[in-house]
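Below you will find one chain, with nothing else, as structure tokens; this is the form predicted on its own, and questions on how it binds or moves follow later.
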Amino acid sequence: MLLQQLVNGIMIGSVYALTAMGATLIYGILRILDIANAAAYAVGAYLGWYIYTLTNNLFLAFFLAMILTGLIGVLVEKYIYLPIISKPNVITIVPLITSVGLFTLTGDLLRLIAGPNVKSLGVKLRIGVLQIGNLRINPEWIFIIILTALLFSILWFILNKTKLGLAWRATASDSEIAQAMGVNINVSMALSYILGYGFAASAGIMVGLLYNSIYPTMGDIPSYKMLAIIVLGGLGNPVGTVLAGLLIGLSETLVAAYIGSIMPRDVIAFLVLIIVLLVKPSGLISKKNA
């Protein structure tokens, strides 16, 4: 049923967009592709799992995991990335290599600390399955779609209706001019990492909730899909990232449902990227706006 597949695609696309949003916000400020943002996806899932086992409160687990992962992101920005990019004559590939190394290191640390085995999130939602005609919506899907819409609404409000958001957009547009006009670009960079790593953490918990499992390498596939999404959406563009995530989620779901296993599901993201970039090389939305 087409409607069923559309709902499935929107749900998966929402999670993809959340995962890639952090890398988009960070690229908008620092102009680096932070692969380690996918590590925040796994870290957030494990923090959410640990907090939930202690409190048995899913909303508290989401909130605390996002906050803690966001604070980890600020530390990463301050003590790893800034010392590197502040050095003179640093070639642009150095921060990228650093982020890949940090991503690999995080996966190994999770394996050492939490063990290599798959862990069950064990969340039992009280909401029943929603049945509308032939359309079946699981309670986890309802939770994910509502929470994703809420998070993106909060992000839109912060970027468009607050002074912090204005400072972020000014810094993303031209950091030197923004600094000359009195904008504290360090605050803008910190905001990018708090929101970016926090959003990635929420996506990791959502996937753990959806499949009832988390594991140390769960950020591997999102790491390269994240790159496809932020390029497809127009580098550094939050709105384009949301559209690209939804497009890839819908494409994967519809191709898998109606064409079958003619190609691996995870290849579809890059196929969509190639097709769109052939038509529109700048991505879906090239202008940086929120």
Partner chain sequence: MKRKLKSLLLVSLALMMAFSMVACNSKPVETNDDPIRIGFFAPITGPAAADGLSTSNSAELAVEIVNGNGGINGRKVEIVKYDDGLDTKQAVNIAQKLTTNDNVVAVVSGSYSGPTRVAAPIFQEAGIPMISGYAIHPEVTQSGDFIFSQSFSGAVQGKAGGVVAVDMLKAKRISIIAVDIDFGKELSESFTQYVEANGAEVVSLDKFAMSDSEFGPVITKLKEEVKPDLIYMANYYGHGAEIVRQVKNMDFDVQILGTEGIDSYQFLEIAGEDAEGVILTTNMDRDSEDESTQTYIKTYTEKYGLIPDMVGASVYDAFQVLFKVIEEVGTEPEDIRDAIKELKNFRTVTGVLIEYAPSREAIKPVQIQIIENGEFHYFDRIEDLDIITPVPK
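Values in this document were obtained by computation on a predicted structure and should not be read as measured data. Residue numbers count along the first chain shown, from 1.
Just so you know, the form predicted in complex with its partner chain exists too; it's not on screen, but the next bit is about it.
With a 4.5 Å cutoff on heavy atoms, R31 does not count as touching its partner chain in the model of the complex; it lies far away.
Put simply, L75 is far from its partner chain in the model of the complex: not one heavy atom of it is within 4.5 Å. Using a 4.5 angstroms threshold between heavy atoms, T253 counts as touching its partner chain in the model of the complex. At a distance threshold of 4.5 angstroms between non-hydrogen atoms, I146 is out of contact with its partner chain in the model of the complex. At a distance of at most 4.5 angstroms from its partner chain in the model of the complex, none of the three residues S14, L18 and I35 contributes a non-hydrogen atom. Checking 146-154, 193-201, 67-75, 116-124 against its partner chain in the model of the complex, the stretch whose residues place heavy atoms within 4.5 Å of it is 116-124.
A heavy atom within 4.5 Å of its partner chain in the model of the complex is found for one listed residue only; from L210, I142, L82, L96, this is L210.
Contacts to its partner chain in the model of the complex (heavy atom within 4.5 Å) from stretch 3-21: Q4, Q5, N8, I12.
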